[in-house]
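Shown next as structure tokens: one chain only, the form predicted alone.
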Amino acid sequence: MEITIIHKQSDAIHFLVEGVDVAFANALRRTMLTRLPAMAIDEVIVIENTSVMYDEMLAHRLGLIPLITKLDDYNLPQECDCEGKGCSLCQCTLTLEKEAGDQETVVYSRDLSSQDPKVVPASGEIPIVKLAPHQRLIVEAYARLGTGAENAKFQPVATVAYKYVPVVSVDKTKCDRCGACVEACPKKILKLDGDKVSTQNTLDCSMCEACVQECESGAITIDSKKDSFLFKVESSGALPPDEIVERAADILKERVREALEFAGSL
């Protein structure tokens, strides 16, 4: 198996995996979605709320705020010595107290105060509720680790997808170099250089076959490599995108090891 990083940002990573089958690619994707833990607010105590938003809706909005996660600092509740009852090793407390003055005030995620300076909202610009003049909000929230299999709010990824690596071929004997395929391609994969049609940036091809429909049959063919996949992973902000991939691979490796041990014991 070979991995090549195509593009990397603070919140996203694109990489190419070669030498694997679709079962592995899908297992890695689903592991990122459902098995990799992340922190999220799971319990909210509303001490005072004079805003127009119901307590239940307020708690729901708080739960959807991505929190920066330090996986090595916290235990999953079911693996903690407190048996999930809530302690400093598996739970983080966040508080929010905001009161509007004579004008409307918007409460943002940055107004949450965490007992652990490492566990804070990934973005401070997420609006929670608008307070009318002299309205007040006081809440105490408890965040914990969880997985996407339990609730989508625990997913550390905003988007994770993969596609086959496209292979675009031009048959020079059938191509009349009219340029229609170049104009039809929405991704600008084809280009006309003098009297020759060539390809560029083929990884961007969406395999829509718009170019194929514009040309004589067989002039352009689009196929895919069956053992290569292009991944796109976007982080919610809970974890860096490269850590998401690495941790998910470790989890998948451990699950495979456990499956082999179980099969060997039969």
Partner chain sequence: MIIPVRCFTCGKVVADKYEQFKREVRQGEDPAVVLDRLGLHRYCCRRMLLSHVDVIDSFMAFATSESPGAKQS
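In this text the structure is predicted, and so the values were computed from the model without any measurement. Numbering follows the first chain given and starts at 1.
Separately, the form predicted together with its partner chain exists; it is not shown, and the next lines address it.
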property	result
Heavy atom within 4.5 Å of its partner chain in the predicted complex - the one residue of Val170, Leu71, Ile126, Cys185 that qualifies	Ile126
Thr147, Ser114, Gln135, Asn75 - the one with a heavy atom within 4.5 Å of its partner chain in the predicted complex	Gln135
Exercise: Thr95 in contact with its partner chain in the predicted complex, heavy atom 4.5 Å	no
In the predicted complex, Thr159 touching its partner chain (heavy atom, 4.5 Å)	yes
Partner proximity in the predicted complex: Ala143 to its partner chain, non-hydrogen atom cutoff 4.5 Å	no
Partner proximity in the predicted complex: Val212 to its partner chain, non-hydrogen atom cutoff 4.5 Å	no
Contact stretch among 57 to 65, 197 to 205, 23 to 31, 213 to 221 - heavy atom within 4.5 Å of its partner chain in the predicted complex	57 to 65
Residues from 24 to 56 in contact with its partner chain (non-hydrogen atom within 4.5 Å) in the predicted complex	Val52, Met53
